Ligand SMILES: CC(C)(COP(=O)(O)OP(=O)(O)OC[C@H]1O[C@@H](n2cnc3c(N)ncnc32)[C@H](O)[C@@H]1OP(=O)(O)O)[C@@H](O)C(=O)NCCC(=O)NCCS
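The chain below stands alone, shown as structure tokens; this is the form predicted on its own.
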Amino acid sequence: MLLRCALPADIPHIAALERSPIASEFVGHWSEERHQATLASSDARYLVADAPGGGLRAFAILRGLQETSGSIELKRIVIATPGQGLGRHILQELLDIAFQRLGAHRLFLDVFEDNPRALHVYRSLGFVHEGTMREAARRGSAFASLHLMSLLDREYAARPR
């Protein structure tokens, strides 16, 4: 297992990862106070991967754990050094957590339409494009569109392992 549940002491590392030049292009960022409040909520789960020697290699936020619909959102995933396969491994572990441990019926996310690396990984893991949210996010002074993607429990169960 790569992931463990985050602790309040991890929040400064999470905020720093969000603000890194690599992540800030494709990921929003919250204040440490907002992260602390979300971490304390029963509706969210923060998961982190530790870096050798300290700090974090990655983190993810799952939200909607209290939803009666069984629909959980992968709100955020940040990998400190993308392009080395760590994101795929973490996503596979997140799928297991969402569907096996948390009993999700559906796991959904949004991704910038100009993030081909993430789109490729999500598709390869079975996520289905549900639609495009046109100019739904602000990046500096410009607007960007997001793709809504999801994976259902039966699709997760049918995936080759």
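The first residue of the sequence shown is number 1, and the count goes up from there. Every value quoted in this text rests on a predicted model; they were computed, and no experiment measured them.
Absent from the display: the form predicted in complex with the ligand. The rest refers to it.
Engineer: Only one of Phe99, Phe26, Phe108, Trp30 comes within 4.5 Å of the ligand in the predicted bound form by heavy atoms, so just point that one out.
Structural biologist: Contact check passes for Phe26.
Engineer: So which of Ala118, Leu56, Leu47, Leu95 reaches within 4.5 angstroms of the ligand in the predicted bound form, heavy atom to heavy atom?
Structural biologist: Going through each option in turn, the one that passes is Ala118.
Engineer: For the chain shown here without its partner, which stretch in 62-70, 131-139, 110-118, 32-40 has non-hydrogen atoms within 4.5 angstroms of the ligand in the predicted bound form?
Structural biologist: Contact-bearing stretch, as computed: 110-118.
Engineer: Please check if Ala16 has a heavy atom lying within 4.5 Å of any heavy atom of the ligand in the predicted bound form.
Structural biologist: Ala16: no contact with the ligand in the predicted bound form.
Engineer: Taking any heavy atom pair closer than or equal to 4.5 Å as contact, tell me whether Leu148 reaches the ligand in the predicted bound form.
Structural biologist: Outside the cut-off, so no.
Engineer: Just give me the residues of 55-85, first to last, that have a heavy atom within 4.5 Å of the ligand in the predicted bound form.
Structural biologist: Going through 55-85 in order - heavy atoms within 4.5 Å of the ligand in the predicted bound form - the hits are Ile77, Val78, Ile79, Pro82, Gly83, Gln84, Gly85.
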